[in-house]
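Just one chain is shown here, as structure tokens, and it is the form predicted on its own.
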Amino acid sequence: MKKILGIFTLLMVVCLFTAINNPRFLTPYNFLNTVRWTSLFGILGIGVCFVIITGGIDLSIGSVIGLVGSALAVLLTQKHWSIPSAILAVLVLSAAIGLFHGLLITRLQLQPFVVTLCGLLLYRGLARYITDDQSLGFGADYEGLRLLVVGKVPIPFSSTISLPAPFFVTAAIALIAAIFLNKTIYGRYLQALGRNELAAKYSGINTDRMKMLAYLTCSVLAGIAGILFALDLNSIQPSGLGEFYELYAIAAAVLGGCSLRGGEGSILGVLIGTALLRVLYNAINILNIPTHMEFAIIGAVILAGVITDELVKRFAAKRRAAQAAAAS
């Protein structure tokens, strides 16, 4: 809880600083746009949270988005599949990718970093191959489907306030994920696996199955996000769709309290971390900071957050050790 309060406080400080320097930050349009993008990236953060909790990593998320978005555009505009069939096909594709990762990591004992790094290259290449490396657009034929992203849902008991549709998609996913991690035995299995895999295995937990579940969840959520990102842009560029998105997802998870050592993570923290990154990106644009400083600023904030987290952990460990020594 202390980590969540800390990252939330930092989010409020950045919001306040940006609003003071440019009141446009508080306009309804800017607010709703930030909420929409936070929701889209939040889906990715939740997915990667599952993997990081197990002590793993997934670097292929951005390329999965590119492949899913490209495949959806090809199936709808070139193959003329029905909307339900096309969406089901790309979700099955993303699930197959997750199972593929899980099998390589559990059966062949390959390192997650290597497996997903190869996936990053492989899926990007496949996306460019199936589209002949050409941009594809949905045109005006799928405006109803695009409401999943660009649509707005009125808030009950209010005739003036509406929230972007992705907000509700992300809220539903976050609620299910939080219940799974905190209220089910399998959620506790995942956290036990991340804390000590050998101990988890000796306690009777099927660690291989839990790892496969984590990578399957991550890829499926990347697939859902890929559909939404593709519909939002309405034009697919296979070489660019989803590029570097895995870094934003991992950064949001780490800022939100997920330990890269595994065994620790919070869905609420991930969402707040995602919001912080999107607000930082928004602040860079609104405050006319050179855009080529974007990655430098975000990287500095992430590094500061990780260093602070490590120092707090060391201080807490020393304090517990001192208290134990004094008690004995």
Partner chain sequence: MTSMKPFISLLSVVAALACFLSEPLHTQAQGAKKRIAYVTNGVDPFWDTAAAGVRTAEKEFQVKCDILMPPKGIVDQKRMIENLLAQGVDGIAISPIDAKNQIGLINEACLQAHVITHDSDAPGSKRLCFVGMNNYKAGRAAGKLVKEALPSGGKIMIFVGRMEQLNAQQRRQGVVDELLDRPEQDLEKMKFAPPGRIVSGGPYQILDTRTDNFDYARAKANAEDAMAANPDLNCMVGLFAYNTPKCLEAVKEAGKAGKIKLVGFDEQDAVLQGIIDGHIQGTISQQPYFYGYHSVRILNALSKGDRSVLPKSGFYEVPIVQVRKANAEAFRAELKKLQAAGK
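Keep in mind that what you see is a predicted model, and the values were worked out from it rather than measured. Residue numbers count along the first chain shown, from 1. The term rigid core refers to the most C-alpha atoms you can superpose between the two forms while keeping them within 1.5 Å.
The same protein has a further form, the form predicted in complex with its partner chain, not shown here; the description that follows concerns it.
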### Message
I'd like to know whether Val150 contacts its partner chain in the predicted bound form, with contact meaning heavy atoms within 4.5 angstroms.
### Response
yes
### Message
With a cut-off of 4.5 Å between heavy atoms, is Tyr123 one of the residues that contacts its partner chain in the predicted bound form?
### Response
no
### Task
Examine Ile286 and determine whether its closest non-hydrogen atom to its partner chain in the predicted bound form is within 4.5 angstroms.
yes
### Task
Please check if Thr217 has a heavy atom lying within 4.5 Å of any heavy atom of its partner chain in the predicted bound form.
no
### Task
Just one of 239-247, 252-260, 69-77, 165-173 has residues with a heavy atom within 4.5 Å of its partner chain in the predicted bound form, so point it out.
239-247
### Query
Taking its partner chain in the predicted bound form, which residues along 31-46 bring a heavy atom to within 4.5 Å of it?
Asn33, Arg36, Trp37
### Message
Taking 2 Å as the cut-off, check whether the CA of Leu268 shifts that much or more between the shown form and the other one after a rigid core fit.
### Response
no
### Message
On a rigid core superposition, would Leu59 pass a 2 Å threshold for CA movement between the shown form and the other one?
### Response
no
### Query
Core-aligned, does Phe31 move its Cα 2 Å or more between the shown form and the other one?
no
